[in-house]
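So this first bit is one chain, no partners, the form predicted alone, shown in structure tokens.
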């Protein structure tokens, strides 16, 4: 059958089925189950009106239960059983085996690195481009080009970036953009400025940001005062996690500055970028940042345009410069939108699979949780450990979902 005809028939059957379901269910409710006639007409009408919303919700609830609820329960069951022993219950043995594998901890470490870098950089670039494109005449054209990667699949984007990172022998012409640029450096002043000084300054700025994160986290407990009043019980462990994570990243950034400034760089030799441990993770992250920046830009651009002009005009009259207006007037007013964009990208990062699978397949220390789960489920046929890793991913996503739902209900109230 022609795909276009098949799609048309699917649409007709789907829409027609929905219309038929709602019409026939209402007829059954009003004519058969609770008919509005006789001495109990009033009571039947009230009963029908109480049941009617559930008739409308039933298809969605059924679909969610079938395609979301049941798989979660079945995955949890599989994570507690041993497939090789005819589904024998083994308790937490699969989780114990998973925790003993270095690849799992490599995947956890890389996922945490993705969680820190990708949402932060995508949101920052999106906010920057939203601000700059709103100030130029051809801003809408620029936004279209920046948003265009959102229309590309993750696999398609991965193929594009594999060509950018492509490596050929030194005596052949390089088609990979990154290697073509790399071979233009010879160790002179330009090499020092672009390959040592610039990365060191970026890492130094990141280290300063981590110091600020530690300061904000521990400040209420060092200079305790009115700031701690009314704090919920969960703020202390949250601040502790943020402080410890920032301290670890601070140490990592300082170590990276030293290695960048003192390391020996192989000038004149094409590099296989995706096989360089640790740094290859950032080359993979660049793909997702390229895609998600457009999403962040569109949402934050709408938020920036919603800022009341009176607040900006008042700041200008008070003598504020462009940077003060942006960071002290605009950003605080759209902080809620920034957090929503950040958490949305975080959910995408937690489930990242396509990019890693298409570019490295988890080799060279680039493993992530979703690819680890795929390897266990469909390559090793180890349904127990694979299901256990799926449960771990779900547990990591759950707090963010709950937090988003909580904030949405709070705003509705």
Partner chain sequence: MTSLSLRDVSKSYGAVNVLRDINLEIDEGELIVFVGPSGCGKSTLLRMIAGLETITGGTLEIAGERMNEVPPAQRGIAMVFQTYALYPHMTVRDNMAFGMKIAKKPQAEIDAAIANAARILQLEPYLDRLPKALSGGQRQRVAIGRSIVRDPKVFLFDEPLSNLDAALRVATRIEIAQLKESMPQSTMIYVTHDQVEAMTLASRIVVLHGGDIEQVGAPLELYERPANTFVAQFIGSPAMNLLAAEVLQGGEQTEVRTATGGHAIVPIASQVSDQGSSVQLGVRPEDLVLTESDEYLLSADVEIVEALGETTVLYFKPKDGEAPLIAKLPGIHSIKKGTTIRLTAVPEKLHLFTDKGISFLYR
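Numbering follows the first chain given and starts at 1. The structure presented is a predicted model; accordingly, all values stated were derived computationally and were not measured.
Note that the form predicted together with its partner chain isn't included here; everything after this is about it.
This chain is displayed alone, yet in the predicted bound form one of 316, 177, 204, 214 has a heavy atom within 4.5 Å of its partner chain; that residue is 316.
For the options 272, 333, 259, 131, the residue carrying a heavy atom within 4.5 angstroms of its partner chain in the predicted bound form is 333. Shown alone here, residue 329 lies within 4.5 Å of its partner chain in the predicted bound form, counting heavy atoms only. Within this chain, residue 74 is remote from the site of its partner chain in the predicted bound form, having no heavy atom within 4.5 Å. Put simply, residue 97 is far from its partner chain in the predicted bound form: not one heavy atom of it is within 4.5 Å. The shortest heavy atom separation between residue 324 and its partner chain in the predicted bound form is within 4.5 Å.
Here the chain stands by itself, but in the predicted bound form one stretch of 249-257, 74-82, 273-281, 304-312, 304-312, has heavy atoms within 4.5 Å of its partner chain. Heavy atoms closer than or equal to 4.5 Å to its partner chain in the predicted bound form belong, across 125-158, to no residue whatsoever.
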